[in-house]
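Given as structure tokens, the chain that follows is alone and in the form predicted alone.
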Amino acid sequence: MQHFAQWLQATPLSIAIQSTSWLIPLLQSIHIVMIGLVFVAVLLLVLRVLGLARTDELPSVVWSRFAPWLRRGVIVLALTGLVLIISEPVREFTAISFWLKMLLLALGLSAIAVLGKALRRDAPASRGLAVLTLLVWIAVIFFGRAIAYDVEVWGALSFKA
């Protein structure tokens, strides 16, 4: 993976992204706003499953309201994330936090898909799955932020140590 990351970082696309001083901060800002948008959509869906918010509406109505925001947010997250990875592949691919984030992201997307299936049918959704989904998305946020501090977070376990 190290060789691939070094190759990718030396490509003209990566160099162009790295050398455009305003692009990475802009992409990071958009990425952070989108994780906030996705998290709030997930939070409101989870709160509906737990019976703590929007209980006056059918689950399918709540899903219909927040699913488009969730989908669009995830698409923008994926696009900005991909460009950020291309801009600094060595940093990303050598960070334990990055790989944990990717694993948890896959788990979080799967969990929300399962919850969404129940909500769309107005069927009872698992409260345990709802809580787990929320915790997974909190962990995605934490590990995303921890990428910049991977050595400090993981110490001797870090790939970079």
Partner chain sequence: MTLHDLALAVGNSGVGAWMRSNLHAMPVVEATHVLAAATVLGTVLVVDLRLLGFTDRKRAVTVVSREMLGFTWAGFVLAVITGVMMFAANANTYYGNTAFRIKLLLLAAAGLNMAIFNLGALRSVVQWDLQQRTPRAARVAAALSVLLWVSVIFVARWIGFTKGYDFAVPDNVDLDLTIP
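Keep in mind that what you see is a predicted model, and the values were worked out from it rather than measured. Residue numbers count along the first chain shown, from 1.
One more form of this protein, predicted in complex with the partner chain, exists but is not displayed; see below.
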Non-hydrogen atom contact Ser29 with the partner chain in the model of the complex at 4.5 angstroms: yes
Phe98: touches the partner chain in the model of the complex, heavy atom cutoff 4.5 angstroms: no
Non-hydrogen atom contact Leu50 with the partner chain in the model of the complex at 4.5 angstroms: no
Exercise: Val33 in contact with the partner chain in the model of the complex, heavy atom 4.5 Å: yes
Within 49 to 64, the residues that have a heavy atom no more than 4.5 Å from the partner chain in the model of the complex: Ala53, Arg54, Asp56, Glu57
